[in-house]
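One chain comes next, on its own, written as structure tokens: the form predicted on its own.
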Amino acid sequence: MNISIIGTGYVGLVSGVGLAQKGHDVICIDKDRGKVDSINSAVPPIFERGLEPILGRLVDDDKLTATTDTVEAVKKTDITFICVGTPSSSDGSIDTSFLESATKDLSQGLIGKKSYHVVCVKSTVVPGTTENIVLPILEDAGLELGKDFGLGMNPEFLREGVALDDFMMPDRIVIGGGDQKTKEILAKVYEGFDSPIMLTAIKSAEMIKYASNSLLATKISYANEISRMCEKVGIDVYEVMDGVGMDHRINRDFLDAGVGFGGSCFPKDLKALVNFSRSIGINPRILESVIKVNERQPIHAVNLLEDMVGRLSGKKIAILGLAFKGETDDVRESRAIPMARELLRRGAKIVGYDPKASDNFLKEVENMEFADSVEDALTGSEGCIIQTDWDEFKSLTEPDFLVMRTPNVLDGRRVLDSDDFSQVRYRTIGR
């Protein structure tokens, strides 16, 4: 099938590459000429494991191209997926301005188009957005639903760092459609995928994404809440969660205690769902608590480190990992941001290191230094917080930390083993 995708961020580009791998002809659309040129040169504008060589092959085979011309791309294709950002507004609600702009642009490509075209939202939007915002824009352009176009919603469930694997081997594919014809066309897009396909209403598809992310975030905050108790009474929270996770009704995934969750999805989606819930007269107490627990975890990590090294003022502290997780350069809502700000507030001198995300972190926190390697970050420091689970950090051994002035290590992601240390003072959250 001929598919156009508006937006070349993590969702849009990964989706485009995944669909092109399955044999579809894909045109990626972005207003940023630099991103478009980069994609057409087979250089991903984002870092995602395994993406570059596959993109190169698809570009060479003319299965995937990129353009800034939305109208022309839509005219050449049968389906358009909207994959633009829906960032948080100041009150936690989603900002739909990018979605509205993309819809207006694509509507111009549909005017005069003789063939039926499916417009499918992939961006994360609260229930009612597709039908209350996207649909009226298309209709205002003189287009008729069911005749000129079909309307759908196909949420993504991608984890940055392993997004391509998640797209190619999803647990499920959720397709929301306003009519049976649209559902059948979108289902055909995914015929080559060995995954169950759920066909549902548009609003249900929108809510499934929020409900899924909120539940996963709840599991993380729950584990962090239990970890506080474990720290007080001498129990290892990971051992506790291993036992809890053996229950098939619960599952072990997302029960690791640590410095909290970040990224472009969980924090934003929780705030949006809280705002949406309040707007319809419901007090979302559980979700509000999940957010509060997550906000205090980075501060809790700083408190634990201060217990180890003493008063932080004037001391050099290394933060290993600036992205919100390993295997990505994305620093959105990274727990390193509030952590660094709290360390600075207490007078510490911070040096940060990340294999991929240092450049993106530069604009997030002022008055901190950046190292080119783990060794440079650790040398002369009096404390260290491991904030992400990069493989590079998992391979660290005791001699690596002995370049520190005082080797105090707080492992915020449980990437190392305390049994491996005799000269390093090592501590993890939840133990």
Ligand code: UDX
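Predicted model only: the values in this text are computed from it and were never measured. All residue numbers are counted from 1 along the displayed sequence.
What comes next is about the form predicted in complex with this ligand, which is not displayed.
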item: 4.5 Å heavy atom contact, G262 to this ligand in the model of the complex; value: yes
item: Interface membership of E206, this ligand in the model of the complex, 4.5 Å heavy atom rule; value: no
item: K325, heavy atom within 4.5 angstroms of this ligand in the model of the complex; value: yes
item: K356 within 4.5 Å of this ligand in the model of the complex, heavy atoms; value: no
item: Candidate from R278, K104, R159, R228 lying within 4.5 Å of this ligand in the model of the complex - any heavy atom; value: R159
item: Interface residue in the model of the complex among V240, V351, I220, L138, criterion: non-hydrogen atom within 4.5 angstroms of this ligand; value: I220
item: Region of this chain that lies against this ligand in the model of the complex, out of 159-167, 77-85, 91-99, 342-350 [heavy atom, 4.5 Å]; value: 159-167
item: Heavy atom contacts to this ligand in the model of the complex at 4.5 Å, residues of 210-231 in sequence order; value: N213, L216, I220
